[in-house]
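Below you will find one chain, with nothing else, as structure tokens; this is the form predicted alone, and questions on how it binds or moves follow later.
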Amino acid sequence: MSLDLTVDGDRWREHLRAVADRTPGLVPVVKGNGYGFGLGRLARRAQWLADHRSDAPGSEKTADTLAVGTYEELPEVASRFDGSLLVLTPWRPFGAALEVDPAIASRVVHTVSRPEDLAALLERQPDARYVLELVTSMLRHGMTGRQLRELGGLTSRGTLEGVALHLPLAQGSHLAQVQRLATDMVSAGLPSRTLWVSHLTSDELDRLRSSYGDFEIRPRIGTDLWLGARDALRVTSTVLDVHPVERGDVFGYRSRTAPKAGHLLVVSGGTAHGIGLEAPTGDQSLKARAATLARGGLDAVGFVRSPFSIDGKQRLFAEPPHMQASMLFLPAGARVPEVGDRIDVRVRYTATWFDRVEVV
């Protein structure tokens, strides 16, 4: 009895191929929980994309590189994908970055975001492959244009694979910022014209290629690639138990009382899966704020809307979710599922761990 992700394989693969075909130079990103699929599964699927590249111009490098989030994730993907492995977390002279398996060291492309780290990396690994990250308006990691220019001859050592930009999600068009950073790249006299970018739309990528014909553009894509065909994905929980209750009946870990007559449902899926621990979406729209206030109001009177749906309606948690199961309250008059029935769950895939992923 588990929390399951069922994938319509034909529709999912069709979507993956469509994204790859319209995105020359695509770099699939797998990191964290592998967008709910798992790192290993997505690494194999990235290999499948590499093995089925189209004949369109510029597609020869599509999926020849896989991006992971951290050095710790390398072992899980290295045996399932045979191309280059770009690590998105910047290299630092400590920790897991110094523990890369020598057997895959030549496949690893490091991200370097500080001048002193480039010198340290090249001292440690003279033939290192690396990209230089420029700081964007996110202000997370990266060098300034001035720092890039001051690298001087360092960039002729090892193998410079290009410049990386990590752009914000919600800022309108990114083109002006990318153009400014590309100018920094040119003025630094780097021996590379490859730009590794994220979060650009198809239109922005087309315009960038048109404006910088002598540049190679490598779009890093995760969410839109793996989760772009949401109608091919279905998340379900299993009903494990059903208990009729009357108003005032005591139940649960904290001996709550039923607010009115109905049924308690025990369903698979709890905090161990990420249920009830959903990350903030960052949505700042009025609708999102209103939804947050509504959830807060429900919580104040002892109800919290759950991600579990029955007959298309989200049901309320009877109490906070447990580690591997949740308890729901179903008011009198609603259809009561049978033990063993599967019900739909709406989740944030990047924050959910499934017991079983089945591609059918």
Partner chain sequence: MSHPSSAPVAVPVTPLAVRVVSAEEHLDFLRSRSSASFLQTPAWGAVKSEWRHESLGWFAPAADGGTGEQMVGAALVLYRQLPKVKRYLAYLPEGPVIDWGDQDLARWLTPLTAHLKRSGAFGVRMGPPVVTRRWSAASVKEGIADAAVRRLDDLVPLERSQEGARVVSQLHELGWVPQAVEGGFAAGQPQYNFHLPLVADGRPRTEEEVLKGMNQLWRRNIKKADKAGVEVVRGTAADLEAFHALYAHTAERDHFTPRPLSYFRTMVEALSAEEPDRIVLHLARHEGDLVAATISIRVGTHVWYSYGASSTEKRDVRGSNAIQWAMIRDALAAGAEVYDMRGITDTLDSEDPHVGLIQFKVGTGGEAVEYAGEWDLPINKAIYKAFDLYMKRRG
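In this text, all values refer to a predicted model and were calculated from it rather than measured experimentally. Positions refer to the first chain, counted from 1.
Absent from the display: the form predicted together with its partner chain. The rest refers to it.
Although the partner is absent from this view, Ser210 contacts its partner chain in the model of the complex, with a non-hydrogen atom inside 4.5 angstroms. At a distance threshold of 4.5 angstroms between non-hydrogen atoms, Gly145 is in contact with its partner chain in the model of the complex.
Contact check for Arg180: a non-hydrogen atom falls within 4.5 Å of its partner chain in the model of the complex. At least one heavy atom of Arg149 is located within 4.5 Å of its partner chain in the model of the complex. Note on the interface: of 188-196, 94-102, 248-256, 229-237, the segment with non-hydrogen atoms within 4.5 angstroms of its partner chain in the model of the complex is 188-196.
Annotation: in the model of the complex, residues Ala120, Glu123 and Asp214 each come within 4.5 Å of its partner chain through at least one heavy atom.
Arg157 is the sole member of Arg80, Arg157, His263, Arg129 with a non-hydrogen atom within 4.5 Å of its partner chain in the model of the complex.
Residue Glu116 is the only one of Asp241, Asp203, Glu116, Glu72 with a heavy atom lying within 4.5 Å of its partner chain in the model of the complex. Of the residues in 74-91, none comes within 4.5 Å of its partner chain in the model of the complex through any heavy atom.
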